[in-house]
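Below, in structure tokens: the form predicted alone, a single chain.
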Amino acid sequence: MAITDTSSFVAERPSSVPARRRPLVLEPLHAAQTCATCSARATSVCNAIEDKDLDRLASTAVSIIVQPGHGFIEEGDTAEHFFNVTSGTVKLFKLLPDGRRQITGFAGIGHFLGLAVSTSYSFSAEAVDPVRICRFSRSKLRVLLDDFPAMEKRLLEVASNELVAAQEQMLLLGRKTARERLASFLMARAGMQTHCGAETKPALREPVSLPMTRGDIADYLGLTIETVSRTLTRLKAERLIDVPNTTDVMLLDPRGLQSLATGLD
């Protein structure tokens, strides 16, 4: 039977009003079949667990549905849980001293969140579109890792990848032009879809999903919304992309975009 819990929600522009609490739907995972058919298993840390041990994995997790605009990690809260994204898109952000918000990344299927080295979360996480996540308590996951060293090894790999991503983001914001930043973002999104096992194949001119707002993209890239819109229009005019709607972009020339992203154009 589903149980009800609450999770923190951080407003777009924080004020003195306390953060609102949002209800979530929590569903215990009762069967290994749930994990066996999970779309995230192929690319997440859970693929370190063999099929015969999936009952054990399922018994440690709780499935959570997060509606768009609702948060499930709040910066500064005690880091009691880890989260594995099994569907949807999550935006990660930090709050600046003046109350503004800086988006630091977007997580999708297979991303494992909450690997805090301290006792509190260093970022907030909010659903962009309907999101489903598996939540693991620190205590239960610690026992699981003791019994399955391969999963602990995968978590170390995830932590290393996060460090590389942070370095790439520093380069993105510090050295690249607006066109290079947007090209890099589009290629990264395309790579994420392919890596996560989606049917999307950018090389075949299938759409790259952009469920986040233009404002979110601008925030992440350190640009204004107007600059993002102008740059998309310019890339479209150059026949590098097409923009059939507000949530999809067609990569007409992936090689050209890649050259632009790496500054070789």
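One-based numbering along the sequence shown. Every value quoted in this text rests on a predicted model; they were computed, and no experiment measured them. Heads up, when I say rigid core I mean the largest set of C-alphas that superpose within 1.5 Å between the two forms.
This protein has a second form, the form predicted in complex with the DNA, left out of what is shown; the following refers to that one.
- Close approach of G69 to the DNA in the model of the complex, 4.5 Å, heavy atom: G69 lies outside the contact set for the DNA.
- Is R56 close enough to touch the DNA in the model of the complex, meaning at least one heavy atom pair within 4.5 Å? No - in the model of the complex, heavy atoms of R56 and the DNA never come within 4.5 Å of each other.
- Query: Is the gap between R230 and the DNA in the model of the complex 4.5 Å or less for some heavy atom pair?
  - Reply: Output for R230 is yes: heavy atoms within 4.5 Å of the DNA.
- Message: Does any part of P207 reach within 4.5 Å of the DNA in the model of the complex? Heavy atoms only, please.
- Response: Output for P207 is no: heavy atoms all beyond 4.5 Å of the DNA.
- Partner-contacting position among M187, L92, L144, A178 - heavy atom within 4.5 Å of the DNA in the model of the complex: Among M187, L92, L144, A178, a heavy atom within 4.5 Å of the DNA in the model of the complex occurs only for A178.
- Look at the stretches 218-226, 35-43, 48-56, 61-69 and give the one with heavy atoms within 4.5 Å of the DNA in the model of the complex. Heavy-atom contact with the partner occurs in 218-226.
- If we fit on the core, is the Cα of K94 displaced 2 Å or more between this form and the one not shown? After core superposition, the C-alpha of K94 moves less than 2 Å between this form and the one not shown.
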